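Only one chain is shown below, in structure tokens, and it's the form predicted on its own.
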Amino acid sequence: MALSATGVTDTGTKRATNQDAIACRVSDDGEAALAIVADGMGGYEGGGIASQLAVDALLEVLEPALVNSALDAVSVEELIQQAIDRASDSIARAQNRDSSLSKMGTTVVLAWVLGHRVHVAHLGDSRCYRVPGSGPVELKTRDDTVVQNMVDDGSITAAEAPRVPFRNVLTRALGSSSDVTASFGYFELAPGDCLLLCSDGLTDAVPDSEWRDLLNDSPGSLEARARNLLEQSLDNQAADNVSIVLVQG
């Protein structure tokens, strides 16, 4: 299965700056792909610095390994955690050099695609979805948020979660958590499926029930399809930065 990937990001309609950072890479033979979304936080400049430091560190470790199609699941997870540890260290060094960056941090979600296999890792509330050719969109990550914990323990229902004022308070993120052990997942990507990684600027602006139609309504390149989804989020007055990375089998 030959893979393709693209990414788009935008400040949104309310924010002054874009503190998201994204990346996507495909191996020369098209058999492997890497997708990353990081959503920064912590002040006017800090969030953008944290997210870019994270993406740079992840690429430094993982991009060279895209050529190794023989990696097993354990090796992939070990390498991803090594990359996340490096990203955490990079952010910590920047915080130590400049006290004005002490409160910066970033979410991170990444997908490493090896043929039909998708390995997902994340900290925070940036998400990974599988968009199948038919049927509902499938969320493949669990938000590291106070609200998600409340849903899980039965304090509130999932339907009530969007109305909670502190719904975006994170329980884990790079730069602000001592625990930077990623949550891992694994699933299969069937021919015709699309893998979608995003920041919460998209999920707060466009219901995931509309995504497949928006992606399919844009003929042509994968980038044009991603941009169609982005434009809908802007039409819906996205209140946060919007980032989308797509991987197509």
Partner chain sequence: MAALSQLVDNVVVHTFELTGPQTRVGRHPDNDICIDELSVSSRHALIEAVVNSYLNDTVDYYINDRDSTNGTFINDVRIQDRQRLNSHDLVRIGWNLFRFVDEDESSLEKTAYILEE
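Since this is a predicted model, take the numbers as computed values, not measurements. Residue numbers count along the first chain shown, from 1.
If you look for the form predicted together with the partner chain, you will not find it shown, but the lines that follow are about it.
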Exercise for the section: Verify the contact flag for Ile156: yes if a non-hydrogen atom of it lies within 4.5 Å of a non-hydrogen atom of the partner chain in the model of the complex, no if not. Expected result: yes
Problem - Arg163, heavy atom within 4.5 angstroms of the partner chain in the model of the complex - result: yes
Exercise for the section: Indicate whether the partner chain has at least one heavy atom within 4.5 Å of a heavy atom of Leu59 in the model of the complex. Expected result: no
Problem - Contact of Met41 with the partner chain in the model of the complex (heavy atom, 4.5 Å) - result: yes
Handout entry: Residue among Ser75, Ser100, Ser177, Gln81 with a heavy atom within 4.5 Å of the partner chain in the model of the complex
Key = Ser177
Handout entry: One residue of Val113, Ala173, Ala121, Ile91 in contact with the partner chain, assessed in the model of the complex (non-hydrogen atom, 4.5 angstroms)
Key = Ala173
Handout entry: Contact segment among 146-154, 130-138, 82-90, 113-121, judged by heavy atoms lying within 4.5 Å of the partner chain in the model of the complex
Key = 146-154
